[in-house]
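This document opens with one chain alone, in structure tokens, the form predicted alone.
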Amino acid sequence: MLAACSRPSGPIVIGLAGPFSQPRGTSMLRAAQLAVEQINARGGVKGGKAGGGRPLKLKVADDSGSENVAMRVAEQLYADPAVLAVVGHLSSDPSKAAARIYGGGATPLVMVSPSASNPDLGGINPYFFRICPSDLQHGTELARFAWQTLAARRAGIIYLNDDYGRGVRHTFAAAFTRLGGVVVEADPAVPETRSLEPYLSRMRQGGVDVLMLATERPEAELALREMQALGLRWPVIGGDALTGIEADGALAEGVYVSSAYLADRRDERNGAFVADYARAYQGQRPDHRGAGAYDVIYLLARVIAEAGPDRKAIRDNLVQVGRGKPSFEGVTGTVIFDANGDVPGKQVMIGVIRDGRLVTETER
């Protein structure tokens, strides 16, 4: 038994897996470390089955945002009997690859993703959970915002040709069409794409009045630069993978981004988190990936305190959060898991980039 392998007074080890060598992984790593430091400063994980005051320890693994690397990371974390659960992975494709490892074998390992949003992940195995809304919610909310708030009727879409990009593209297009809008053109991008100008020029000819970017930050930056060169001034909206583009300053000014979390969320718990994060990291603000990881660490600490240091017991406790056991109140909101390990009650918000910050958009 895993419980028997853990010394009652030793640290409780949680894996942390994400693209930490890349800018998009920075907030996730920092916020997870902050949560662990806070929990340990208060005496560690305390509870009936966990023992008294055991420190938390992270086993950090960089998956490089790659499916192949994520599988190797998952194999390493799975094979370590001290690892009781995993926070991660950050994005959908690595999460899907890793979930096959964590969910198999004789001693499956819980993974709780802060931000992997592909709908196909829901119910992928009984040990997978996430605390973020899926692309179904992001695409639908972006479509509603484009139609109602921006009064857009003809949309152009540029999407990254992977699970994330295709997922946001399809859900946006379906919802926008149901509202009465027309998707004039939808064009794929890959990391090797050198220019989006042909797509943008065709969209101008087709008469679009909003551009939806279902891409990562590099493709969005390319689109924004080429829009400037072409003199195009469409409103630009995009999914949460654009988070971080606010660092580009004037280039990203006015871009609308859907997110499960915004740092200016008005909540006492979140206010304390944002202030603590700023003190720890030289005035920086957490993004949705960081806030999600922070919540997952605290959630797992609660669960391990109740269930004890046993992989199956942790899973059995997690699945009851909000359904037999109390919901979890975090900085990202209320966590109540459904039968697929999803949080259908979590809301998607629309932020706008103003003066280099992603802030809550106020309806016009």
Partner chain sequence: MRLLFDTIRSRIVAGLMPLLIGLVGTALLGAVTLRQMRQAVAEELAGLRASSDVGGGLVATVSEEIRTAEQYLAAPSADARKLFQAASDEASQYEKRLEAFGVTSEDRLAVTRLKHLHASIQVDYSIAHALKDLGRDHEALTQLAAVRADAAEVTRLARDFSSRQAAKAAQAADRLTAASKEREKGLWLLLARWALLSIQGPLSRLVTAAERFGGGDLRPVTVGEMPREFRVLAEAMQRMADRLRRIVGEVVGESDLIAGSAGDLSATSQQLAASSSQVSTAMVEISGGADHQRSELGAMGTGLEELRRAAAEMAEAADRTAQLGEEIRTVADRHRGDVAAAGKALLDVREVVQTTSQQVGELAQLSAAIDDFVDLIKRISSRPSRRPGQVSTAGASRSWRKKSVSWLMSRRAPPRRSPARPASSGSTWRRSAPL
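Numbering follows the first chain given and starts at 1. In this text, all values refer to a predicted model and were calculated from it rather than measured experimentally.
There is also a form predicted in complex with the partner chain; it is not shown, and the following applies to it.
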Counting only heavy atoms and a 4.5 Å cut-off, does the partner chain in the model of the complex sit next to every one of Ala173, Ala305 and Ser327? no
Does the partner chain come within 4.5 Å of any heavy atom of Thr193 in the model of the complex? yes
Asn161 near the partner chain in the model of the complex, any heavy atom under 4.5 Å? yes
Does the partner chain come within 4.5 Å of any heavy atom of Tyr199 in the model of the complex? yes
Contact with the partner chain in the model of the complex for Arg154, defined as at least one heavy atom pair within 4.5 Å: yes or no? no
Find the only residue in Pro235, Pro126, Pro188, Gly122 having a heavy atom within 4.5 Å of the partner chain in the model of the complex. Pro188
Going by heavy atom distances of 4.5 angstroms or less, which of Asp338, Glu67, Asp316, Glu37 would be at the interface with the partner chain in the model of the complex? Glu67
Of 287-295, 131-139, 235-243, 180-188, which is the one stretch near the partner chain in the model of the complex, taking non-hydrogen atoms within 4.5 angstroms as near? 180-188
Taking the partner chain in the model of the complex, which residues along 74-100 bring a heavy atom to within 4.5 Å of it? Glu75, Lys96, Arg100
